[in-house]
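Just the one chain here, the form predicted alone, laid out as structure tokens.
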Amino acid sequence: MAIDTAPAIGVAPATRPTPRWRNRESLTAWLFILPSLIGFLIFTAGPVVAAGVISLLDWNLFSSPTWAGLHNFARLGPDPTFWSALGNTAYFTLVSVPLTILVSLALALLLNLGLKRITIFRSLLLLPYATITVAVAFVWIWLYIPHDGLVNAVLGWFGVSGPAWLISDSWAMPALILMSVWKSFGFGMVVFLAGLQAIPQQLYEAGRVDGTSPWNSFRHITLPMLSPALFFVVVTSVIGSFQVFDQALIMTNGGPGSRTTTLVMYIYRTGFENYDQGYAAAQSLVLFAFIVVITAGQFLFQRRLVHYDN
């Protein structure tokens, strides 16, 4: 019996699906991403790879580099200045980050009350964050002048004799921390304010119906709902504080002694004052590793502490 092998009428041949990356929407997305991706590869990923290579070399910028292997990393152990700078950076981070978050959250709660002309105050409070750090540092140097500075003048109104802030072993780092908190609280304030305005008001109304006090409402409604924004501010603040450099260089130049020498400042001096590029690169990679480990730890703990409204 003959078998009809003719193709069925009206049935179109199977076509291969278009790859996802060739879709018009995907190509459009890649065109938007490409400028940022190129910038990331050139200015972030590229320097990290270059630092990894340079850390294995002995190079002073003026002569041909020679292979050093892991010698630059071995130098970190017995280097007291490195560990002192790391301790100063940790001190700065542990004090400045909580203070910045507290000030930012307090101001965000105040701005969220819906007072009249609050937009003006919101803009004024954001100005320090939008100002260049170098300019702010010079202003605070004038504020910290021992005899004629505004800070000691205000303390004098209350009968307190202010210290010589920037040349005091005990007060130089707190002076930098105070300036840094004033400079950076605006960023957290804006993030917290956006988070507060996204909290459904029905939750507060239900709490008032149940007789919830303002403190319990803050603890059980505001903080849990604000935890994603809080987590974001904590992570970015810790990363930024570990890279503190400008204010320490301008205001104290790392002094008195090495009391305010931060890790980034020590890396800068090693690489561009002592011209020891290999050792500076090794230090920068260790700093990078510290930041990665701390950030990873924060992401591990955020599952327990951060509430996401699904």
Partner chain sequence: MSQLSRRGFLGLGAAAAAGTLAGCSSGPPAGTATWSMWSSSAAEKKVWTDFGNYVEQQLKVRSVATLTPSNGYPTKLDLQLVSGTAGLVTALNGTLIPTYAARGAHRPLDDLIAADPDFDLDDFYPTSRRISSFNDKTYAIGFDVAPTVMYYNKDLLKQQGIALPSKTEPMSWATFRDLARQLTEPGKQYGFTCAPAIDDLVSWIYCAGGNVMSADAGRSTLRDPEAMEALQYVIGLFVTDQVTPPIKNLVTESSLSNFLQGNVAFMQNGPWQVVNVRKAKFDWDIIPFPAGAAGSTPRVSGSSFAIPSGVRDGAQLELAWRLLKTLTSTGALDIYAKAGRNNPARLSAGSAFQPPPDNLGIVQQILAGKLAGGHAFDVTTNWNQVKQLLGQDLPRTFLGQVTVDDAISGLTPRLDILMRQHLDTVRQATARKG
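Positions refer to the first chain, counted from 1. Computed from a predicted structure; not experimentally measured.
Omitted from view is the form predicted together with its partner chain, to which the following refers.
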Worksheet item: Going by a heavy atom distance of 4.5 Å, is residue 43 a contact of its partner chain in the predicted bound form?
Response: no
Worksheet item: in the predicted bound form, does residue 257 have a heavy atom within 4.5 Å of its partner chain?
Response: yes
Worksheet item: For residue 83, is any heavy atom within 4.5 Å of its partner chain in the predicted bound form, or not?
Response: no
Discussion item. I'd like to know whether residue 30 contacts its partner chain in the predicted bound form, with contact meaning heavy atoms within 4.5 angstroms.
Written reply: no
Worksheet item: Since the chain is shown here on its own, which stretch among 165 to 173, 204 to 212, 231 to 239, 152 to 160 would lie within 4.5 Å of its partner chain in the predicted bound form, judged by heavy atoms?
Response: 165 to 173
Discussion item. Quick check on this chain: which one of 48, 61, 70, 34 has a heavy atom within 4.5 Å of its partner chain in the predicted bound form?
Written reply: 61
Worksheet item: Taking 251, 269 and 274 as a possible spot, do all three reach its partner chain in the predicted bound form with a heavy atom inside 4.5 Å?
Response: yes
